[in-house]
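Take a look at this single chain in structure tokens; it is the form predicted on its own.
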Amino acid sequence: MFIIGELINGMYANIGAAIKERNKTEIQKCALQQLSCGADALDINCGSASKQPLVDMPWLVEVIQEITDKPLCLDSSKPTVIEEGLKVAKNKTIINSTTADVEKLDVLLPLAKKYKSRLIGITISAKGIPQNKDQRLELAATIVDNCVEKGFSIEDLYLDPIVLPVNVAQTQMKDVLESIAEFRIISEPSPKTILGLSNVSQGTNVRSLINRTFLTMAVAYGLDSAILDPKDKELMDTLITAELIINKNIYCDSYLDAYRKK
């Protein structure tokens, strides 16, 4: 599975302070810790408290690419902020994210093509959060259709069925899982699938347990990627084991050590 580390986000006190103080040591330490724990890419989000995101985003990109050539996932609801990061990016990039709204797709699809970036499409629109699998599939189809029309490679698209906290949307959990499987057959070639995993446990008392249980189930439904906390060792070990059980990894008695090193 393609793992995107979620921890370089201004919503976290240490990262927010580091952005404000231009403390690149703290940012780079967080990046290296996530990579050493198994992250394949790093999500970068200035956070809602950032007073100058157009300056903060490119600064974060430059600071992180000083110490790694891993892909960077530029995370903002503002296309202008994302583009400022793309302008200075030397690493491969992922835009996080577009909704299914045509107005958003008309801006972000050309941006992704211009900078040769991959794109995350979340199945949500101005009408709100989908309430069932059929609504998610309809929004996913809208995103895919727009990609085809604008000549954006479906192989560079990740579809996110948008998972809500289990304590407020328990009835939707099965729909999210089934959507993962159905997104994979929505077109040929298939789009990839992704989840912002930590959303499922937001506001609960046993976050790590809920995260790793949901991730295991999502792996069984064919999930390709997740934005998560790679420093959660139990979560990462559960992921390695889940992929072992569905025959993505080869068993040996020391498989955990082997795949952590990999």
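What you see is a predicted model; the values in this text were computed from it and never measured. From 1 onward, residues are counted along the sequence shown.
In what follows, reference is made to the form predicted together with another copy of the chain, a form of this protein that is not presented.
Not one of 89, 107 and 142 is positioned with any heavy atom within 4.5 Å of another copy of the chain in the predicted complex. Only one segment in the set 63 to 71, 37 to 45, 229 to 237, 24 to 32 has residues whose heavy atoms sit within 4.5 Å of another copy of the chain in the predicted complex; it is 229 to 237. In the predicted complex, none of the heavy atoms of residue 195 sits within 4.5 Å of a heavy atom of another copy of the chain.
Contact annotation: residue 173 falls within 4.5 Å of another copy of the chain in the predicted complex, judged by heavy atom distances. Interface membership of residue 210, defined by any non-hydrogen atom within 4.5 Å of another copy of the chain in the predicted complex, is confirmed.
The closest non-hydrogen atom of residue 199 lies beyond 4.5 Å of another copy of the chain in the predicted complex. Contact with another copy of the chain in the predicted complex, defined as a heavy atom within 4.5 Å, holds for exactly one of 167, 77, 132, 80, namely 167. Residues 203, 204, 205, 206, 209, 210, 213, 214, 216, 217, 219, 220, 221 of 195 to 226 are found to place at least one heavy atom within 4.5 Å of another copy of the chain in the predicted complex.
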